[in-house]
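Next up: just one chain, as structure tokens, the form predicted on its own.
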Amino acid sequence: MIGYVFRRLGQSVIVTVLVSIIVFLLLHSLPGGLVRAQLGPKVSALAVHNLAVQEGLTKPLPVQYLIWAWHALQGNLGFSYKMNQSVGSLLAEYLPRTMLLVGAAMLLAVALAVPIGLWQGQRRNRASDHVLTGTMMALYSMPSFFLGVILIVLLNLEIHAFPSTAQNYGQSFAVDFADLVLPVLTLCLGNVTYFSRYMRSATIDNLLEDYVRTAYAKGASSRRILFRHVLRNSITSTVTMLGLTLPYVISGSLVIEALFDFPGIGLLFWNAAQTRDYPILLGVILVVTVATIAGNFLADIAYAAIDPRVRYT
């Protein structure tokens, strides 16, 4: 197990480095370049050259990347020339809100999907199972922004229950509960459908196993078998998918935060892309990459902890 942990850590470092290199090269190859984004399109060639020399942009790209990577390891992710603030301080301000949004959405999705999938698996091929399956597929097929618009219409415009945008937020981490409801529901509903389908399939597979028939033969109740044995063996698939879907949830939060004007790194990234604030774009992508890899790593460890039959060599 210890050897597996160290191998996964090594793989995570390699993936992080490769992603940072690819993104660094892509951002430096965008039309206009970094200097034009700072000075504007009508600036003179002399001013462009002077700023490029000043910021070291005339050096070979591998040298530029190594300099940036060295600074990033020290916590210096650059300076936002549009917001006149360091990228590190901006991430420290916006990232916790995104973590709160994504964490709440994922926890709610799992809390709903596990009992739904377990119940569907036990009552497979019945009318209630078919109705829930159709509902879940309809929700799964909806783009996240469309689902968000539907929630805005129903819960904001029709019954005025929750605000459609984050009304008040400053430099602090705090976010009003009401501002979280619609973004969390939008992220949650799409993932409930995804997790519940895997939970349903795993439950059906486990109900057909020999140990379930043996438990019934010994006189164990259906409730005891379902919650003491089938649940534990079925939930491993959901834990695995939790790590695998984390990249899609984080990337999906970009659209959700822009839609609801939620003050997270998704909104920060959206605004930086519109203003061509490249240091912010690179910093956000790097942080999201690290968070995604860390989520997958923790999911693998949790999988082994939940199911003691799993052994990694």
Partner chain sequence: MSDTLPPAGIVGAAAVPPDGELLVREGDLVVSAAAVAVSPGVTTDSFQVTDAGTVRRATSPWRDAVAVFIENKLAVASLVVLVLLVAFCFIGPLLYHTNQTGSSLLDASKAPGGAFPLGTTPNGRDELGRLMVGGQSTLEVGFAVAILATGFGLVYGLIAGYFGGIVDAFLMRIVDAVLSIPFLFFVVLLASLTIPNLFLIILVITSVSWLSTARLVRGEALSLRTRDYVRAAEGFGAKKRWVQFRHIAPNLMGVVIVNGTLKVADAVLIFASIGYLGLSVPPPATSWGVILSAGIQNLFDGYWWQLWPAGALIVITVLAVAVLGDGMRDVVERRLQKR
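Given the structure is predicted, the values throughout are model-derived calculations rather than measurements. Positions refer to the first chain, counted from 1.
One more form of this protein should be noted, the form predicted in complex with its partner chain, which is absent from this view; the next part is about it.
At least one heavy atom of F145 is located within 4.5 Å of its partner chain in the predicted complex. In the predicted complex, its partner chain sits within 4.5 Å of a heavy atom of Y140. Its partner chain is not drawn, but in the predicted complex it has a heavy atom within 4.5 Å of I22. Heavy atoms of M83 never reach within 4.5 Å of its partner chain in the predicted complex, leaving it off the interface. For the options V153, V131, A111, A220, the residue carrying a heavy atom within 4.5 angstroms of its partner chain in the predicted complex is V153. Checking V149, A161, A92, L107 for any heavy atom within 4.5 Å of its partner chain in the predicted complex turns up a single hit: V149. Taken together, the three residues A178, V184 and L189 all stay farther than 4.5 Å from its partner chain in the predicted complex, as judged by their closest heavy atom.
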